[in-house]
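Okay, here we've got a single chain as structure tokens, the form predicted alone, with questions on binding and movement later.
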């Protein structure tokens, strides 16, 4: 890192320290932990856009798939539901795969009427697929729908909360799930031009969220999954520990406050470890012959193809890798939240904001993406509080009932959106390649 990067990271660190000193260390650590996760998401987008120029606007979908992967691994299995309809669901999914394979075969080998044959295969196959799958889904969702109604996960411990370490295994599982979906999407969409790829990924992300909301058998849909096991101790356990309370009291801390800070520090340790590992891997990849090849393809696809590079295959490779990182971050976020709520996935938060982090930090520069992740997330959280407060001070001298005062106070909730736009414009005007440009 150069002097400019060190100074900018020091400035961002100062913002977090100031939050801890003037507001609370609990809040500072909460923002810091989400900053770590946001930095990993920004790294995922930077791998796709900064390395290869792939315009993925479906970030939200891959983050959500990572969260789904975490639930399917870390939660306990629902044996009653699985025995009621799990077999039919598996058969239905296999039938769906067989229909798609048959449709592909018909398209390639169907001769003159391959379009009609493919359409017929898909139409008949759809009804066969639903005829097998639907009874299984109904049976699973009918098993104790108020508290379950889904197949559960792969945590076979007697008390699943005691096996928080399984949650750590769910993170790579979330990455694999997102990578698998990216491979399927990439095989069909990566041949498109960049603007069409953006539209395709945006639509696919919405489809993923719609499936997660409506397929209750998978992860309870909009009824949410709560109480995910944690890889760190529970606050109440620390407060009941004599060793911990004595140590906290000895250092002048309230045991309740100290327990929440200790838990957040433990999360920060895990998240920071993952981020550092990813930084090391991505930096090594960027400076390797593979990284130089990817940037050559990004800068001039025609020239790279003329030199014998398989551009589509390389694009698929980078698309899968970037999506895996997004899925990893999604699984980590679900672990930190302790719940999966499909309705919380919004394009503004999980696509637009991540892109702002990459652009402000500097696309093509891994450290820039990390810087953007921390800075933009800190601004995003703090402006929600300071925006309305500032608007109250700004309109304090205006008489009650004045139209401008009412208008400004009603618009205060949109301050964070306006600020993101201003930050983006300022960076693009004075530092078009981001705060830490690609070298």
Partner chain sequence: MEPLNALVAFANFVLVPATAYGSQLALGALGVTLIYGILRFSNFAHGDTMAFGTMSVILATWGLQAAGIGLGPLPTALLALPVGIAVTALLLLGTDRLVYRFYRAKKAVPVTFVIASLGVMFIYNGVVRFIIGPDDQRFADGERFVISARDFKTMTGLDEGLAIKTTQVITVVVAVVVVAILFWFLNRTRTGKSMRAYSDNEDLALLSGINPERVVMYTWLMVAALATIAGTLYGLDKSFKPFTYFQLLLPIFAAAIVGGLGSPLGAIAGGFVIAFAEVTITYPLKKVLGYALPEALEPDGLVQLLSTDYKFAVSFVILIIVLLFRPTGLFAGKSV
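Think of the rigid core as the biggest set of C-alphas that the two forms share within 1.5 Å after superposition. Numbering follows the first chain given and starts at 1. These figures come from a predicted structure and were not determined experimentally.
One more form of this protein exists, namely the form predicted together with the partner chain; it is left out here, but the text below deals with it.
Contact annotation for the candidate site: 69, 156 and 338 all lie away from the partner chain in the predicted bound form (no heavy atom within 4.5 Å). In the predicted bound form, the partner chain lies farther than 4.5 Å from every heavy atom of residue 183. Using a 4.5 angstroms threshold between heavy atoms, residue 195 counts as touching the partner chain in the predicted bound form. Interface residue remark: residue 135 is not counted as part of the site for the partner chain in the predicted bound form, having no heavy atom within 4.5 Å.
With a 4.5 Å cutoff on heavy atoms, residue 347 counts as touching the partner chain in the predicted bound form.
The contact with the partner chain in the predicted bound form, taken as any heavy atom within 4.5 Å, belongs to 211 out of 293, 211, 102, 117. 202 is the sole member of 176, 106, 202, 148 with a non-hydrogen atom lying within 4.5 angstroms of the partner chain in the predicted bound form.
Partner proximity in the predicted bound form, defined as non-hydrogen atoms within 4.5 angstroms of the partner chain, places exactly one of 302-310, 211-219, 242-250, 226-234 at the interface: 211-219.
Taking the partner chain as positioned in the predicted bound form, the residues of 403-439 that bring a heavy atom within 4.5 Å of it are, in sequence order, 407, 408, 411, 412, 414, 415, 417, 418, 420, 421, 422, 424, 425, 428, 429. Once both forms are fitted on their rigid core, the CA atom of residue 403 lies 2 Å or more apart between this form and the one not shown.
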